[in-house]
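Presented as structure tokens, the chain that follows is alone, the form predicted on its own.
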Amino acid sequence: MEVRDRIIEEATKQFFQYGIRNVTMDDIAVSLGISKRTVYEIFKDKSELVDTCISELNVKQDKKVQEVVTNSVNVIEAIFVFMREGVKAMKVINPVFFKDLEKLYPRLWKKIESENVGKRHDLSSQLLKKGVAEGLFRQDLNIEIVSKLFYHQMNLLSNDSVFPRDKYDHAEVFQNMIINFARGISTPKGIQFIESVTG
């Protein structure tokens, strides 16, 4: 692995674990056993490193999403794979990471937010249409409305006034949202499949 890739991987891991503010370029260099100068030769400052880490994450995420959609038996299996991946991420990523990103890098945060709105909407529409075609989701669904409902329901997770972290396990809330939403839009055949994967 090239030094640049090693820096990105280590920085992303530390940002997830401790938040962005609490990680210095020094910390990353020490963890990798390289000089701070080497890090600065590749990334002019921490902002550039954060920006690169986020870009790389987005590329990996987009690739993973398409792999899951392509390789799943049906749309419900794909949704449950996304759910398990989401739960795993919630257990690994410190919530401080997102707060730091929003507070310290507002321009980058806004860019991510606006890109994600489009991506999530497109993915939701794609999955809903696929589910209807597979006979797992109801034929009478209004794809536009259901897609918007799903997107805004997911946004509730980051709303601390609705689900404060000291009272709710966000992974559990997320699972409940996905399972109940999927059941609500499913045909009897779809519900049967959901029951087979949720035990």
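Please read these numbers as outputs of a predicted model, since none were measured by experiment. Residue numbers here begin at 1 and follow the sequence given.
From this point on, the text means the form predicted in complex with another copy of the chain, which you will not see here.
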Legend entry - Contact at I145, V173 and I185 by another copy of the chain in the model of the complex, all three, heavy atom at most 4.5 Å: yes
Legend entry - Among 151-159, 26-34, 42-50, 64-72, the region lying within 4.5 Å of another copy of the chain in the model of the complex by heavy atom distance: 151-159
Legend entry - 4.5 angstroms heavy atom contact with another copy of the chain in the model of the complex for L57: no
Legend entry - Y18 within 4.5 Å of another copy of the chain in the model of the complex, heavy atoms: no
Inset, instruction - Although another copy of the chain is absent from this view, report whether K130 comes within 4.5 Å of it in the model of the complex, heavy atoms only. - result: no
Inset, instruction - Using the arrangement in the model of the complex, list in sequence order the residues of 114-142 with any heavy atom within 4.5 angstroms of another copy of the chain. - result: R138, L141, N142
